[in-house]
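The chain that follows stands alone, in the form predicted on its own, written as structure tokens.
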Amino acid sequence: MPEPMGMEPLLKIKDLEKSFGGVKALDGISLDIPENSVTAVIGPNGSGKTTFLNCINGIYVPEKGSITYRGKSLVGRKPHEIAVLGIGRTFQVARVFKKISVIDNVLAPVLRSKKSPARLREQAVQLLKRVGMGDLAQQGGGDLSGGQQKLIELLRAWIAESDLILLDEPFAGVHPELKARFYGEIREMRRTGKTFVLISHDMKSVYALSDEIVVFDLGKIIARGKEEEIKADKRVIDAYLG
């Protein structure tokens, strides 16, 4: 979905560079993320995709370049500070608290909220019911499957009212039924105005959900466009689609 004329992108990345041991994981990445869109980032393993997300949400600090969210620089901010600004994150390997209940896992990002605890708890109950996990609310986080744990991370973004959600391989190893729930939740969140950056090797999901596809290779953007353009791009075929 293109930005209306004159409207600033929700997230603006310019000339981003990040290196590890002399190897450039990101080599001059520039990308604008429009509000209320799904931007998919694809590419071979080691192309810099997760490093890109880690720079956005403050896990890594880039050596060069800028990251601006709603006009505010993110570079140098801590992950929790970036989360408070409205940026949520899921991980390739879900991060849940295994020894506390599923509902308390959902509530984790709003522990310091000024909202009524009772209202937040009821919201968490309703979110769990939405994704077919209402009967698991009191079980331990460690009892959930990998796919269910990934859904918990998405529900955290819901309850924290994040406007930008970074999704790192949300469909990897997920049962088809749970994957369908993921699709539904992403589409519903998008309908309410949320914005996504999606990293996925699941090309079916990329084609089904994204407005634009951006292809990374060796820390650079080698192509971007719609499904038809990406499928026809020789550089993408050589580097990734094969």
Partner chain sequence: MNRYSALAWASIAAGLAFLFVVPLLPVSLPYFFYMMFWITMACAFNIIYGFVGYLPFGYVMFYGVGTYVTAVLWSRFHVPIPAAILASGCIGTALALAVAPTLRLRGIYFAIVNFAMAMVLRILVANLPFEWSGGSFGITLSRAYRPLTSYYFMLGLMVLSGLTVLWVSRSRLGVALRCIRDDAAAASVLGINVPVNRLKAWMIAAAIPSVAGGIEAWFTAIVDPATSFNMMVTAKTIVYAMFGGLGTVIGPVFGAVFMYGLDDFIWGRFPVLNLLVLGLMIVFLILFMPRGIAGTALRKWPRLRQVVK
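Residue numbers count along the first chain shown, from 1. Predicted model, so just to flag it, every value in this text is computed and none were measured.
There is another form of this protein, the form predicted in complex with its partner chain, and it is not shown here; the text below is about that form.
- With a 4.5 Å cutoff on heavy atoms, Pro79 counts as touching its partner chain in the predicted complex.
- Mapping the unseen interface onto this chain, Gly86 falls outside it, with no heavy atom inside 4.5 Å of its partner chain in the predicted complex.
- Interface membership of Met203, defined by any non-hydrogen atom within 4.5 Å of its partner chain in the predicted complex, is ruled out.
- Although the partner is absent here, Lys150 sits far enough away that none of its heavy atoms falls within 4.5 Å of its partner chain in the predicted complex.
- Taking the partner from elsewhere, no residue among Lys12, Lys24 and Gly46 has a non-hydrogen atom within 4.5 angstroms of its partner chain in the predicted complex.
- Exactly one listed residue, out of Ala108, Ala137, Val75, Ala172, brings a non-hydrogen atom to within 4.5 Å of its partner chain in the predicted complex: Ala108.
- Comment: 56 to 64 is the region of 186 to 194, 29 to 37, 213 to 221, 56 to 64 lying near its partner chain in the predicted complex, near meaning a non-hydrogen atom within 4.5 Å.
- The partner is not shown here, but in the predicted complex the stretch 135 to 158 reaches within 4.5 angstroms of its partner chain through a heavy atom at Arg156 alone.
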